[in-house]
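There is one chain below, alone, in structure tokens, taken in the form predicted alone.
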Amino acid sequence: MQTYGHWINNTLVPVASMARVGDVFDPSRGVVARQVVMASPADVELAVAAARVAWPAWSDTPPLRRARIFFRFKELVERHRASLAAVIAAEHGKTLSDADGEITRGLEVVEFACGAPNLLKGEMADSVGTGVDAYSWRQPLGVVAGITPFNFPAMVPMWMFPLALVCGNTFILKPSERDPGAALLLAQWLAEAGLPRGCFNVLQGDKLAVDGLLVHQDVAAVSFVGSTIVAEHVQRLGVAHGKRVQALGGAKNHLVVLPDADVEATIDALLGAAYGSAGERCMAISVVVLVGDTLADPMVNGLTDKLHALRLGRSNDAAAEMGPLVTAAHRQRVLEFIESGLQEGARLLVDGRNAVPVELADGFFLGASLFDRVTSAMRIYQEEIFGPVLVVVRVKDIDSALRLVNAHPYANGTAIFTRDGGAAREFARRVEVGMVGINVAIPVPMAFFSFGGWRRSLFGDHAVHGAEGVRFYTRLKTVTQRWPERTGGADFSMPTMK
């Protein structure tokens, strides 16, 4: 059985016979397909040391040369995207088309990073004082790390390392131990593109590896995407050890539907937004808020009808609309949420527990579930389920919808579907979340904007990619200069720009 190891100094590290290992499943068939090494403290030290040694030369490399490496890297990913999508689908369980879409969104950040010479330009002001000029530029931090989740094993790492590297940092990626294969392919293609030894390293593992990076004195910054409970841990421990931290946590994304919305178009948008990738997306719509009485029943009835026709299938089934969940343990967690909703009095209109065909019984499959008459006090409303479960909340007007969204502890993304431009504009201005879609169900920003929520969905001061990503991976330096003629004598008064 293949065992994934670490990638350090542009080389796969031999797997030690006594190393701790974890199982990597094929979710479509419910079997262990591979294993992955869990890093020891010595492995953490090895990865950090490699990145530390590589940093001086890499940080002195002109941004244009760094960008050229990423142009070549993008070409390699495009050339091999089918094999990358196959690895993602096999280890995560998402459909091949969904895996390919993930690669596309990741490559958008690579394309943005290729603009490094422009992104890193500073500012200059002539004659801020008599004979005095001032200028500023952004410099890299040093060794930085990224800790990424299972649900996007290629895209989320590509949110991080392209910008970190073109800004002049060296990078250590700690991918999810559930689907680590994609990270090693990306590492190999970076090396093939010409990235020097030690600039990009992959450290496999679990909490031991995470905490090792968070406390290491030579790691300057850490990026994280995952659950809120872990995001809080990453921020606390990282900041306590002097790190700059951006930690993206959980979400409970609402889609608000006004009475004038196109029912069919909204239902179609909801199907993909709520049940795509089996709901294992931080931007998945997990709450639909139906405003008014005229729209609610047609929306619920239409959703119910289409969910009964939703096709489950293995990740390599081209006709599949939804694949399995990532592990049996995660499926069990989602099942517990469904039971909780029933116990609290919500109406289960579509029961995904009864929707798995017998030929898929060996995999970690769960059909789509739909709850109606959900209240804000219920657990299925309050907590992130991260599975194929959509809950319906009915409210009387848009003000009630806004209060509902703004009161939730998570504030990642939200959407509104309507034909009323004025109502949409007012909603976008008043809603207290980080990302808003207007007739766009999953408002993930393009790479030249930045991704991030508010409240308990983001810890730290910087969102990812876009201009915020450049700021996170660099620090500002400002120089004030004068080239005076020698006049002699010291001046002990407060300096001013006369």
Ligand code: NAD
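Since we're looking at a predicted model, the values are computed, not measured. Residue positions are given as counts along the sequence shown, with the first one as 1.
The same protein also has a form predicted in complex with the named molecule, omitted here; what follows describes it.
Heavy atoms within 4.5 Å of the named molecule in the predicted complex map, among the stretches 263 to 271, 228 to 236, 369 to 377, 415 to 423, onto 228 to 236 alone. With the partner omitted here, the residue from Ser286, Asn201, Asn169, Thr148 that has a non-hydrogen atom within 4.5 angstroms of the named molecule in the predicted complex is Thr148. The contact with the named molecule in the predicted complex, taken as any heavy atom within 4.5 Å, belongs to Gly249 out of Pro140, Gly352, Pro153, Gly249.
At least one heavy atom of Lys174 is located within 4.5 Å of the named molecule in the predicted complex. In the predicted complex, at least one heavy atom of Phe451 sits within 4.5 Å of the named molecule. The shortest heavy atom separation between Met160 and the named molecule in the predicted complex exceeds 4.5 Å. Among heavy atoms of Val210, some come within 4.5 Å of the named molecule in the predicted complex.
With contact defined as any non-hydrogen atom lying within 4.5 angstroms of the named molecule in the predicted complex, the contacting residues in 367 to 396 are Glu384, Phe386, given in sequence order.
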